[in-house]
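One chain follows as structure tokens, the form predicted alone.
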Amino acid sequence: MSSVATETAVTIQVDGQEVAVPEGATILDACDAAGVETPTICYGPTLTPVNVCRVCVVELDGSRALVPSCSRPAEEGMVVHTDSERVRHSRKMVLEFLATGVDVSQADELGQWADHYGADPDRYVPGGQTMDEPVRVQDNLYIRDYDKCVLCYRCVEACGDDAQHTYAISVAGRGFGARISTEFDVTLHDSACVYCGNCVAVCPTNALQFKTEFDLRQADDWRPEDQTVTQTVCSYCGVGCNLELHVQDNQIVKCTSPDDHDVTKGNLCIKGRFGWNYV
């Protein structure tokens, strides 16, 4: 005989709307089910929440502090407010603080949320103050621009338990000098990096980006609005990874993979991510 498991659901209230989600789902999942858009930075759909950015916070009845929606499990009877004055003020300040010390000019989604909440980082540090560190270009695959890094940990998670299990990078330094680094700050060639590029795929600010994209941006010729994206299957082995080829002027400029694909979940190896020059 076979038994059919019944999925237990919990019902919570999001901005006055009752939403049922599976047991174990987060408040963010409930917000998505309710059609409520929520800003996120350190959260990724394929990654473990690390609760470092606090831009997804919501107000929860009975809770003294705002709670991170990306990691707080939904509990029966919760009453959640995502657009209260307290929430808007908190999100606005997080976005302002980030923009005072980081170049977010290529973080399009953050820019849209900053406009939404009326964030004005110039009221703290006019013009901002970054580390002003030269871009690290150590190979022809991808670059590292620490002035754009918001220390969201997404690359660390992708390199570690959530995807690659290489553990080539982690956070080094303290305070304003904190940055994502290889062991002992050695070059990528000398580190444990296997050049899968999964860190590049999850970066929300373009602190990690394809060398091809970087070169085009330097030449003021990066035109995403003119690019086409073609989905295909990687030709290197039989795993069946799906590729998204970004093409500009009839040339492949970078390769990504869909987060919702059963095989890849957004991840690729060095061949799939960077091995398309033969085309």
Partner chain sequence: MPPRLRGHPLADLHFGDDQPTEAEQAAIDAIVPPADAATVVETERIVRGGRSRRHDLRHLLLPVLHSLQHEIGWISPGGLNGAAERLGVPPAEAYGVATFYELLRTTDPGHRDDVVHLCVDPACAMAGNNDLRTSLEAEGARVHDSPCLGQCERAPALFVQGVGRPDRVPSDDEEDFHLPQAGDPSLRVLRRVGEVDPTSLDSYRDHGGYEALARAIEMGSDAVIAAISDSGLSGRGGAAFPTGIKWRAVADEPGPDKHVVANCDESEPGTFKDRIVCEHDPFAVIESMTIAGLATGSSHGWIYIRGEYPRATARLESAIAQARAAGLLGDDVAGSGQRFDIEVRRGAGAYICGEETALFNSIEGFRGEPRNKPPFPTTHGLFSQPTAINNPETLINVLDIVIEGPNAYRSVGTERSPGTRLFCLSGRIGVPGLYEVPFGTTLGELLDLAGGPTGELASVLLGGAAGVFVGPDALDMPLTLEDTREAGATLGSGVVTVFDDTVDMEAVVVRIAEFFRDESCGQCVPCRVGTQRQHEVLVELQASGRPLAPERSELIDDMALAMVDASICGLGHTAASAVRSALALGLIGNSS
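These numbers were taken from a predicted model, which means no experiment stands behind them. Residue numbers count along the first chain shown, from 1.
One more form of this protein, predicted together with its partner chain, exists but is not displayed; see below.
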Problem - Contact segment among 106 to 114, 200 to 208, 139 to 147, 82 to 90, judged by heavy atoms lying within 4.5 Å of its partner chain in the predicted bound form - result: 82 to 90
Practice task
Tell me, yes or no, whether residue 168 is in contact with its partner chain in the predicted bound form, where a contact means a heavy atom of each within 4.5 Å.
Solution key: yes
Practice task
Give a yes/no on whether residue 77 approaches its partner chain to within 4.5 Å in the predicted bound form, heavy atoms considered.
Solution key: no
Exercise for the section: Could you confirm whether residue 135 comes within 4.5 Å of its partner chain in the predicted bound form, counting heavy atoms only? Expected result: no
Practice task
Although its partner chain is absent from this view, report whether residue 118 comes within 4.5 Å of it in the predicted bound form, heavy atoms only.
Solution key: no
Practice task
Counting only non-hydrogen atoms and a 4.5 Å cut-off, give the residues of 189 to 207 close to its partner chain in the predicted bound form.
Solution key: 190, 191, 192
